[in-house]
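Read on for two forms of one protein chain; each stands alone as structure tokens, with the labels structure 1 and structure 2.
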Structure 1
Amino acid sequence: MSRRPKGPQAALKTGGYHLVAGGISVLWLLPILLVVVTSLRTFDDVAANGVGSLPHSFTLGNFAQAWIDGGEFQAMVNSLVVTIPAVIITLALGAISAFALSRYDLPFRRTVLLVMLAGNLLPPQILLVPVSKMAEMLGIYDTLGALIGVQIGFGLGFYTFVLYGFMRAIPSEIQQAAVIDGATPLQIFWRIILPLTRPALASLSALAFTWVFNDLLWSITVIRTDTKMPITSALLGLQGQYVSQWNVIAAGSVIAAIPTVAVFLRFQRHFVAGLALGAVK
């Protein structure tokens, strides 16, 4: 059966859609492009012509200055030391919790889920002082371990809630067949449920890495020493150190964005699949 040729009205709608979407994309990309171009200009060029002018110079020295003199190397190491364990531990605990709550008839499981969800609805600002005082009482204040613990504590409820929805949608017949074959709960979780939840885990991994890596609020709450600050706090210090050198600040921003962009590109296929699967459910 041949398709009918598109009329002028359909072509007009398609062209209007692409025009609007293209305009929004350009507006979204302009600030990013401005930061990248500024990071490649010299200070004399920016000072003489302004930040928004066309570039009249090209240099990579701004990245070296931000990386070494601005302390971003140590800050990047600190961020990765915090982010990688926090994401792995939180997702592991969230997957275990979601498996127990979704696949077994536990008492008060709905109450547990509601408590976890309610904890994520609390504004983090009202918890800054209690969390800071608790870290001091435990003797872990001003350590990266305290920041890892905070990220795990505040992310566990949300990740459990999301994974609960995915695991609950898995047909119970699969688990029953595994039980008949003699599989233990650990084997069911590791060999059956986790592989089926891979799109959701990949999506949450990308989101969790971005959230934890880009966090500023909790880092300045439980960390005090400059050499222990993560990359976002280092960027804040970079603005104070290089007040008018926008080229160095822009270079530091580009450096800070590289890990999150790389993680998103790596998990992009799984991320889109996870969103589509969640929409269907």
Structure 2
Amino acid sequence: MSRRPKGPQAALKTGGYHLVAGGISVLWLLPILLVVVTSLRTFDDVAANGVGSLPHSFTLGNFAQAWIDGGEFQAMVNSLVVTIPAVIITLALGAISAFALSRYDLPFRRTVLLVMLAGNLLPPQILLVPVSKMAEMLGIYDTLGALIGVQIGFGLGFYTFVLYGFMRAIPSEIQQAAVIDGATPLQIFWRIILPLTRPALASLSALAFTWVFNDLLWSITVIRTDTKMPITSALLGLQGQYVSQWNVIAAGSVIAAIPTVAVFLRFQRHFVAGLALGAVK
């Protein structure tokens, strides 16, 4: 496909393109570079030369400090304890409801689908006070269980909607054959529809992992105790604990970003497809 640029004019145009696109990319990556560099500098260096200066030192100690003294280890464990079950359960619930609603002519199925989607579109603010009070009443306030619960409930509508669109597109002949063979809905779901939905599930898992892992609002609403905080709210704690020790805060930010960056790099294609899947439907 790639044609060699012919004249000097074409070469100039190509050069200009890369200058603009490359310039913007560098500008975009600069803050990331900066935080990585800052996380590797010593406090004395940052204090003496400023956060914006070139590095004059190198240390890995900030990571240890954020990880152990800053409580990020515990916070990371908490985040994963919340995120992994929340993603699995939400997608499981989303998949079964999308299956029933898309593959069977149930009464009010479109209404149910849209009501579920509408729940996900609500501004979370309207739920904050009642959810925190409800968690208190249920005796699960300030537990990771409450956070898992609200993440599942609030995300469900979106995943159901996306999976509905995906399952709807599967030809009905496959299923009809199975029905004639006497397969139950459960068998049809597990053996036929679910395997065909795998690409959408992969995309949504990558997306859901990032969303739940990166959430701040729900975690500061239902969790109070420092040792139960997931990584995002722990990072805010770090910001208060290490005021103007930018080397430690930077290390903490890098640590907090590693899991989602890893998921993104590992599932890049699914991830980007997932974003488009949700929106361009």
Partner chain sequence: MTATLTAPAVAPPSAAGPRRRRRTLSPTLLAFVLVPLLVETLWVFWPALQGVYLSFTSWDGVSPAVMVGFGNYAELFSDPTFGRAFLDTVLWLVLFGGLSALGGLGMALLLLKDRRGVGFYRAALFTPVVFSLVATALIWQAIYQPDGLVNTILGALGLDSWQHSWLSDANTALYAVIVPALWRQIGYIMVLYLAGLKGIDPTLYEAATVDGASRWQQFTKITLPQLSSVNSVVLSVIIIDSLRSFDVVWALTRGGPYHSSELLSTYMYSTAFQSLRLGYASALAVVIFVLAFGVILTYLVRAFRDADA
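Remember, predicted model here, so these are calculated numbers, not experimental data. The term rigid core refers to the maximal set of C-alpha atoms that superpose within 1.5 Å between the two forms. Each residue is numbered by where it sits in the sequence of structure 1, with counting from 1.
- Note that the form predicted on its own is the one shown as structure 1, not structure 2.
- Superposing the rigid core and comparing between structures 1 and 2 gives a CA shift of 4.6 Å at residue 17.
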